[in-house]
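Quick setup: one chain, the form predicted alone, written in structure tokens, and binding and motion questions come after.
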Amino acid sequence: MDAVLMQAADIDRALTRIAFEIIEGNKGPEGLVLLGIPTRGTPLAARIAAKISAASGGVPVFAGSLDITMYRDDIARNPLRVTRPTDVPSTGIDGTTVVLVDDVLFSGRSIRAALDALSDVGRPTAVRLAVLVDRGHREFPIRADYVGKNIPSARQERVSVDLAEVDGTDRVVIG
């Protein structure tokens, strides 16, 4: 049976907290680039960037996406993946602080792929990681800098994030 762990208000509060933590960690919004990992990381990055901008008096914060499809280590087992666009600032990411944004941090494999993809895009000064949900069970030595909610889970359980932009509703479900 599926259990709802976060609803729309919980997700909004978590993203607000993450936005303020990013501002504090970066000492302001200057030089920030948020890159969401498709599919659900992209709208999360846009939401966080909007919150950072609003909290910083309207300073614009770039929110884009980073396609990791061709960098995944399971591409041979599942070759029928659809690539998504990578959207970075026209000035590039060199010298910026890039915050990678994803919905669920599990094994760390997607983030490893994102780091490889990012190195082909440019050379940021720093890379940080923000996730809505950290469920544990890491296979790579990767840790999120900003976490909306830590959810203890069994390896066989499935944690699903639904977002209004993709799924029509906001919630986190485990089952």
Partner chain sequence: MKHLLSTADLTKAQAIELLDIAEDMAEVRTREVKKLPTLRGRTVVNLFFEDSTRTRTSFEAAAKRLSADVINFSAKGSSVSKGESLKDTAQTLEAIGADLVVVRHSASGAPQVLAQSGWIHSGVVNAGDGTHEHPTQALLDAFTIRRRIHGSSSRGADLQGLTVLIVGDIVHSRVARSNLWLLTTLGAHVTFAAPATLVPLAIDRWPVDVVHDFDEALAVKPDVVMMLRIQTERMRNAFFPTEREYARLWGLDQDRYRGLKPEALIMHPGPMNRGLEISSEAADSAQATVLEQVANGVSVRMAVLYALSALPDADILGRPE
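Numbering follows the first chain given and starts at 1. Predicted, not measured: the structure shown is a model, and the values here were computed from it.
Quick note: we don't show the form predicted together with the partner chain, though the next part is all about it.
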| item | value |
| --- | --- |
| Option touching the partner chain, based on a heavy atom within 4.5 Å in the model of the complex, out of T69, N26, S53, S107 | T69 |
| One residue of P124, P38, G148, G64 in contact with the partner chain, assessed in the model of the complex (non-hydrogen atom, 4.5 angstroms) | P38 |
| In the model of the complex, P85 touching the partner chain (heavy atom, 4.5 Å) | yes |
| Contact test in the model of the complex: E139 vs the partner chain, heavy atoms, 4.5 Å | no |
| Exercise: T91 in contact with the partner chain in the model of the complex, heavy atom 4.5 Å | no |
| Contact of D120 with the partner chain in the model of the complex (heavy atom, 4.5 Å) | yes |
| Contact segment among 139 to 147, 38 to 46, 124 to 132, 56 to 64, judged by heavy atoms lying within 4.5 Å of the partner chain in the model of the complex | 38 to 46 |
